[in-house]
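First, one chain by itself: the form predicted on its own, in structure tokens.
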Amino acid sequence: MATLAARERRLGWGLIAPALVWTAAFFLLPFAAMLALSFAHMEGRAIVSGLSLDNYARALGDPTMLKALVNSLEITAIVTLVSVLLAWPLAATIAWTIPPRLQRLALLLAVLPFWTSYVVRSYSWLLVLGKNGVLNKALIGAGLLGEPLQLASTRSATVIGFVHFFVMLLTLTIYANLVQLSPNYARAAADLGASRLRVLWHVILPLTLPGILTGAFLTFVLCIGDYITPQILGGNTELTLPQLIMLQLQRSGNFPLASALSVVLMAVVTLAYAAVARWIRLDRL
């Protein structure tokens, strides 16, 4: 019996070993190197190793860098909220109103933006929102505007570009929850006198909360660490933390400070994960 258990343990470790090696080689080791580099400092153009906290003090104390972190958090919060508000009705429409034989086609159409290059999507929105873009030309041609609006290189443009992408991601996670719900929950609540609104608010929404939180967390992680969309659609008018990190790498060559900023970003993502995981655990109690 003991031999069989030992054999099963060895088999289990053998099955997960490739994943562990991959994670160690491409995540843990690079992160450890970045963490060690964040305690170094620059002397001219040379990196001097050490255990200094100056980079973290600057990352969290410099008004420009602190503002970049706040901008990232604000944009990410807005994108996540708007994406959830748009994705839930879309997922419910696909799950409840479209015949089952056509739902796969509907989901396929919903995820079509994923098949387009991320950079191409961002530049496409730039063509729509620019001063000479499709939207301004349409509004001026309809007589609704006398001069073009400044839509590109703004926070709103960044939010629009993000929402276009993440609504699709959230739709998939919420749809996966909705199709698993038994209709008996809604019927039981209706039999007890609950209105459709109460059934939706007190029965359906709580049961789909794991899907909402999972999609929202994925949206948070991908959005707060994104560099391309803010750079293309937001320009440099309002720096986000990934943009600031790239500036430190490309212009200043300050790798220790860029590493400290990256560690701060990782810490924010870790706190978000802990909050979501705790919320899901408490919801299941």
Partner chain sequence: MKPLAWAYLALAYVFIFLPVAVLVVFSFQDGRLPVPPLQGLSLRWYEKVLSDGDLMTALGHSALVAVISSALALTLGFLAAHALARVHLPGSAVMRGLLIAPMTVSYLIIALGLLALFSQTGVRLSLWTAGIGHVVINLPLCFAISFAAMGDHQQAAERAARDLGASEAQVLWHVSAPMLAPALAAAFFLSVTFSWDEFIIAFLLTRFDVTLPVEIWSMLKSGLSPATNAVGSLVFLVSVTLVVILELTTFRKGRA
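Each form is matched to the other, and the largest set of C-alpha atoms that superpose within 1.5 Å is called the rigid core. Residue numbers count along the first chain shown, from 1. Predicted model only: the values in this text are computed from it and were never measured.
Keep in mind that the form predicted together with its partner chain is not shown, yet the notes after this line are about it.
- Site residues 112, 120 and 133 are all in contact with its partner chain in the predicted bound form, judged by any heavy atom within 4.5 Å.
- Interface membership of residue 63, defined by any non-hydrogen atom within 4.5 Å of its partner chain in the predicted bound form, is ruled out.
- Taking the partner from elsewhere, residue 39 is found to have every heavy atom lying beyond 4.5 Å of its partner chain in the predicted bound form.
- By the criterion of a heavy atom within 4.5 Å, residue 196 is counted among the residues contacting its partner chain in the predicted bound form.
- Residue contact with its partner chain in the predicted bound form: residue 232 places a heavy atom within 4.5 Å of it.
- Picking from 160 to 168, 203 to 211, 140 to 148, 73 to 81 the stretch near its partner chain in the predicted bound form, with a 4.5 Å limit on heavy atoms, gives 160 to 168.
- Residues are counted as partner-facing when one of their heavy atoms sits within 4.5 Å of its partner chain in the predicted bound form; in 238 to 263 these are 242, 245, 246, 249, 250, 255, 258, 262, in sequence order.
- For residue 20, the Cα coordinates differ by 2 angstroms or more between the shown form and the other one after the core has been superposed.
- Comparing the forms between the shown form and the other one, the C-alpha position of residue 271 differs by less than 2 angstroms, with the core used for superposition.
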